[in-house]
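Taking the form predicted on its own, here's one chain by itself in structure tokens.
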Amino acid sequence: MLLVEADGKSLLARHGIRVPAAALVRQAEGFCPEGPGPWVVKAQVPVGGRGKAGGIAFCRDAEAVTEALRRLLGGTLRGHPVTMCLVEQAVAGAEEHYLSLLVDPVSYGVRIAWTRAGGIEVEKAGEIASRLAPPEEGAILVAAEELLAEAPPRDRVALREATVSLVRALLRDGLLLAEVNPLFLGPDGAVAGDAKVVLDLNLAETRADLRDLVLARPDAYPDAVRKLEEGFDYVEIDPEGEVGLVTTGAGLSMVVVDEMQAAGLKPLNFCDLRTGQLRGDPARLVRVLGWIAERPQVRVVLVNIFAGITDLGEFGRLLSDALDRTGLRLPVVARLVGNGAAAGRAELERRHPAVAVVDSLPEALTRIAALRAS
């Protein structure tokens, strides 16, 4: 999961990466930036491309900071609500570099990349030099030394120090990506102007400090918080999605999302319900249906369950119970395939005859398209 910049920088800073003086702000009124300006105001949303989307403002005085906060807070950026902004002192008189470490699972290694052309136009600077190393601190540092041999001699000490800190952050906090762009190099060394940090959420389930970092920001990481607190996956993939999904199995759920998008439908979410963990309690289904119902643009719900060990007869009863509890007013299309499918279908037809029970995914998509248009 991608962290907001403030959290990414906090992780990197505890391993030695220097960051500008900054404050995390949730309301414009009453805030006054400390220290000398200018300042940079940055919307804190877990998405890239904030600068090009208008989510970053350079402010020469405190009045401009207030105006930027008023413009950004309470709005949305690339589909994410802006509930907080980072206000930090601008770094002046420094060169911009790019430095990153990326876990490369295909090669079972870590790729380190560096270039002198940092900033939002780094992609246009040409091919970024990189090296691949085994996922061990010593090996990564050796690869980094080879890479940084191309850097100007005056920059090498600061780049080496930043690389050592970045390697430690990646390996000790189990990061999947640690990217600093721009990495400012000035008379006092290296400073992280921005940080893109991708955390392994599976590790956060076992590390109390990382878990607490995620849980502290439910507004920034709602999907991750749901996974940590609920024990299953529910990820909103399109805030404007019109079809809520109640599905199980990560791979099968991804297929459903792909097929829907290919048919011109807009799924709201990915869902791996993990039906094997329901066992007589509809609470999980109640929560999923509740999250879907919170989105006013959703027009229909698709329930697609392919069961092996799961008894779909029991699932039909639990789904019926959940529909009773939530009082869901959205139309529902249900496809139940596998163990006990006939019993599950009979249960839904008896208790909720308005649910359209179908046999195939193409039929389900046809029904959804018709309901969406009605």
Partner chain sequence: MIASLSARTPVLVLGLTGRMGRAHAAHMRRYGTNIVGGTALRADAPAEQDGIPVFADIAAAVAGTGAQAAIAMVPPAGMRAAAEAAFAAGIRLLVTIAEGVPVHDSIAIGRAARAAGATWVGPSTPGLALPGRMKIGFLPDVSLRPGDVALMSKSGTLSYEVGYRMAQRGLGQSLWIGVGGDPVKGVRFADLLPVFLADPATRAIVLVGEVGGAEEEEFAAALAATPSAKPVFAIIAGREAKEGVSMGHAGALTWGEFGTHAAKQARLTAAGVRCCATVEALVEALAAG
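Computed from a predicted structure; not experimentally measured. Residue numbers count along the first chain shown, from 1.
Same protein, other form: the form predicted together with the partner chain, not shown, and the subject of what follows.
L203 is the sole member of L203, V164, V142, V286 with a non-hydrogen atom within 4.5 Å of the partner chain in the model of the complex. Among the residues P36, G308, G327, G54, the one placing a heavy atom within 4.5 Å of the partner chain in the model of the complex is G308. Under a 4.5 angstroms non-hydrogen atom cutoff, the partner chain in the model of the complex lacks L72 among its neighbouring residues. Contact check for R299: every heavy atom lies farther than 4.5 Å from the partner chain in the model of the complex. For the chain shown alone, R211 is not a contact residue for the partner chain in the model of the complex, no non-hydrogen atom being within 4.5 angstroms. Within this chain, L24 is remote from the site of the partner chain in the model of the complex, having no heavy atom within 4.5 Å.
Partner contact region in the model of the complex: 97-105, out of 97-105, 286-294, 184-192, 151-159, criterion any non-hydrogen atom within 4.5 Å of the partner chain.
Although the partner chain is omitted here, in the model of the complex none of P218, I368 and S374 has a heavy atom within 4.5 Å of it.
Contacts between stretch 175-197 and the partner chain, counted in the model of the complex as any heavy atom lying within 4.5 Å, involve L175, L176, L177, K196, listed in sequence order.
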